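Before any questions on how it binds or moves, here is one chain, the form predicted alone, in structure tokens.
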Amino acid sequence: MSKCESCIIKEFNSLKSLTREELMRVSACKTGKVYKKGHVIFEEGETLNGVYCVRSGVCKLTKLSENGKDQVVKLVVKGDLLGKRSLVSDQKTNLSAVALNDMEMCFIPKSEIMSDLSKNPKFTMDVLREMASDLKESDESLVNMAQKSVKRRMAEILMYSHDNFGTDNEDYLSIVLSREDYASIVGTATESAIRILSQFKKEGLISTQGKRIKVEDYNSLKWIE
């Protein structure tokens, strides 16, 4: 594990507001963790005693719905901090985090971060800004669910995955999600998600190989209503 003060990841999140001395102190107490694909990082209802900094890999944040199914709320990528709310409240987590591929993360104890929150106002503001941004994302997601068709939402998650996670050396989306995950993200039944993806495939918008998806016609996805 690299030292926090020299880690490029800090440029992606609120850790960039810490002074070099603060970063050195945080670096001395952090622990490196590796999570294999499918590993549960934390579960809904747990008490987190710190934050996780994502160095590599992708995880999904899920919420258990009333019907007992996991609703995918967000995909978390390199540079994101998990558990920010634990810094400003003692609330238990309202989401679960599961690794979608092999992940490398750093865990920073809450006790170390709290002194920085109280002494460094810029760091405090950055953490609050990120939390506000998360709330905005959540609000926009609810609006999307209410106002956009399932086909439109499916097209958007395919474009989002393409833009944010890129493709492998065969041009398939780097992030491999199950059909259940796609259904959960867009807010529909798995059967409906499979039907829409099959329709996209027939129309030449995508091609598939098992769970893998390749975007064949990105521009046409933009115009799906």
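Bear in mind the structure is a predicted one, so any value in this text is a computation, not a measurement. We number the residues from 1 along the sequence you see.
A second form of this protein, the form predicted together with the DNA, is not displayed here; the remarks below concern that form.
S.K.: Quick one: is residue 87 in contact with the DNA in the model of the complex, heavy atoms, 4.5 Å cut-off?
M.R.: The answer is no: residue 87 has no heavy atom within 4.5 Å of the DNA.
S.K.: Within a 4.5 Å heavy atom cut-off, is residue 20 in contact with the DNA in the model of the complex?
M.R.: Judged by the heavy-atom cut-off of 4.5 Å, residue 20 is well away from the DNA in the model of the complex.
S.K.: In the model of the complex, does residue 36 have a heavy atom within 4.5 Å of the DNA?
M.R.: Flag for residue 36 set to no.
S.K.: Can you tell me whether residue 163 touches the DNA? I mean in the model of the complex, with a 4.5 angstroms heavy atom cut-off.
M.R.: Because no heavy atom of residue 163 falls inside 4.5 Å of the DNA in the model of the complex, the answer is no.
S.K.: So which stretch, 40-48, 57-65, 171-179, 24-32, is the one near the DNA in the model of the complex (non-hydrogen atoms, 4.5 Å)?
M.R.: In the other structure, the partner sits against 171-179.
S.K.: Taking a heavy atom within 4.5 Å as contact, would all three of 120, 129 and 132 count as contacting the DNA in the model of the complex?
M.R.: No: none of 120, 129 and 132 comes within 4.5 Å of the DNA in the model of the complex.
S.K.: Quick one: from 99, 150, 77, 73, grab the residue that has a heavy atom within 4.5 Å of the DNA in the model of the complex.
M.R.: Looking at the other structure, the residue within range turns out to be 150.
S.K.: Just give me the residues of 178-202, first to last, that have a heavy atom within 4.5 Å of the DNA in the model of the complex.
M.R.: Residues within 4.5 Å: 178, 179, 180, 187, 188, 189, 191, 192, 194, 195, 198, 201.
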